[in-house]
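In structure tokens, one chain follows: the form predicted on its own.
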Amino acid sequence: MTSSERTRAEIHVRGAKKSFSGRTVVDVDELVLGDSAVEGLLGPNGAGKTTLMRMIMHSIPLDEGTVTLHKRDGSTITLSELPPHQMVSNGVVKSTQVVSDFDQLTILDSLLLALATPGDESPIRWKAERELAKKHEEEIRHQLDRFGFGNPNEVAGSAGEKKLLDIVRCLLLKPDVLLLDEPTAGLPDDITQLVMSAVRELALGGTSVVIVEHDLEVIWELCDEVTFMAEGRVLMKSDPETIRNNSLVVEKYLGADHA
């Protein structure tokens, strides 16, 4: 490995600010995400966690500052200069809090659409779809079986199925950086454990995972490092145990019961 290479991709946020109606929602001087395999982003409601994720994806523009992706091969991409639709092709993927784009597509078609690249396009559409399905058949079947999906030619019905299908989409893409926004919200405990296992497996494969999650047990169990935010600012970054026992974190977010 050369001096310019790194073990996993990192997101560098510098001087990033965002305000709505005169209220500052995010004000981050400097933050590196991805220097640990799985990193939690923790803070009270209104801390700016989801807004920061959307700024990274450039689905909302920054008022000031930059967001850059430092890839494993040593190259750097300024994400804050790219349109949102180019994030996936550059290796950055974000899950969706409220999933609504699977209503008309079958489970299989939804996943194939996510996996398709410009190189998969063909004048004979059915042929391209068959080749794409064959190429990814084994890994799609593995992930659908893992989460208990039945017939892939059916439509995902419940909100839980749609959430899981979105997580499967993220796993299949094997991004350099995966941002997960409350991935286990509303899921039963056994499925939550499956999601955590799948995320850890992906991280061990080299993906940098950043997770916003209100289920604190997920944060404590899954994350190697935690960044704590409040009022749009990063207050501290450390291992889960240090964060969990910090008096400021307990006061602002966890409450005395978690001390």
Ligand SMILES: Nc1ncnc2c1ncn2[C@@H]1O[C@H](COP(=O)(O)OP(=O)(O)OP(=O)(O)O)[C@@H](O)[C@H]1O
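Predicted model only: the values in this text are computed from it and were never measured. Numbers follow the displayed sequence, beginning with 1.
This protein has a second form, the form predicted in complex with this ligand, left out of what is shown; the following refers to that one.
*Asks:* Within 4.5 Å of this ligand in the model of the complex, counting heavy atoms only, one of 47-55, 217-225, 198-206, 32-40 shows up; tell me which.
*Replies:* Only one stretch qualifies here: 47-55.
*Asks:* Would you please decide whether V25 lies within 4.5 angstroms of this ligand in the model of the complex, comparing each non-hydrogen atom pair?
*Replies:* Result yes; V25 sits at the interface with this ligand in the model of the complex.
*Asks:* Please determine whether E161 contacts this ligand in the model of the complex, using a 4.5 Å cut-off between heavy atoms.
*Replies:* Result no; E161 lies far from this ligand in the model of the complex.
*Asks:* Scan 170-187 and note down the residues that get a heavy atom within 4.5 Å of this ligand in the model of the complex; none is a fine answer too.
*Replies:* Residue within 4.5 Å: E182, and no other.
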